[in-house]
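Before any questions on how it binds or moves, here is one chain, the form predicted on its own, in structure tokens.
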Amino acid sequence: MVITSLDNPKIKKYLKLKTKKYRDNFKLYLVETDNLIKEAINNNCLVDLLALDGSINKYDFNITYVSKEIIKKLSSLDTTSNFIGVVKMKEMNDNLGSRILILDDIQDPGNLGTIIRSSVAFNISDIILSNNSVDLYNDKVIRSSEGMIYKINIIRTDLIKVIKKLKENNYLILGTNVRDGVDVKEVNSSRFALIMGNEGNGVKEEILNLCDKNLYIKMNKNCESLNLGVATGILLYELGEK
């Protein structure tokens, strides 16, 4: 059977997933690329797989065949794929590990996706997003994470409260402040929380005041700053080398 109507109840529900409100409501989101669909299957997150009528099934998953019009309506890409996956959100785990990355109001979805990839690469146990950070399930975040979103615990919560709790549990709280920081190479701790700030404003003052140390990256004086995703990757690499 091929679904051709946009009024089909399943399709109407999936179309709503293009909006954050309904993603949060249904705890579902859409993915399109081959790599993301395969990762969703491998991590037992895929709940439905839509395919353009006539497509050959190249995945180990049952397919719901739909019309080209439906695929185009569901797609967020300029060049639509023949396959769109419907994926369930991961449950948040409040049992945190020893290597934590905290993101204070990060706004760029590409940055967040890149940071997720770096976090997995350099053995971060958990990512904590502030309540005002970009939507984790924004399609650009999902694509730029290259499937790594399935491989790390990510939670969203009030940062002040969680940082105070981490301090009570003897985590080293590391901020980032170019004016008042130590070289990241001088830090030696296997139990830490690194805080990275908003792309334009950095880490909020009230959060910096909770930090045990502030870090900076040594670099050529002709360069005033680095992209947030790049800077986070460098810091995570250096902290992972201890």
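Numbering starts at 1 and follows the sequence shown. Remember, predicted model here, so these are calculated numbers, not experimental data.
Not on display, but discussed next: the form predicted in complex with another copy of the chain.
S118 belongs to the set of residues with a heavy atom inside 4.5 Å of another copy of the chain in the predicted complex. In the predicted complex, another copy of the chain sits within 4.5 Å of a heavy atom belonging to F122. In the predicted complex, none of the heavy atoms of S130 sits within 4.5 Å of a heavy atom of another copy of the chain. Shown alone here, K151 lies within 4.5 Å of another copy of the chain in the predicted complex, counting heavy atoms only.
Stretch-level contact check against another copy of the chain in the predicted complex with heavy atoms at 4.5 Å: of 182-190, 205-213, 22-30, 56-64, the positive one is 182-190. Across the proposed site, N222, L226 and I234 without exception bring a heavy atom within 4.5 Å of another copy of the chain in the predicted complex.
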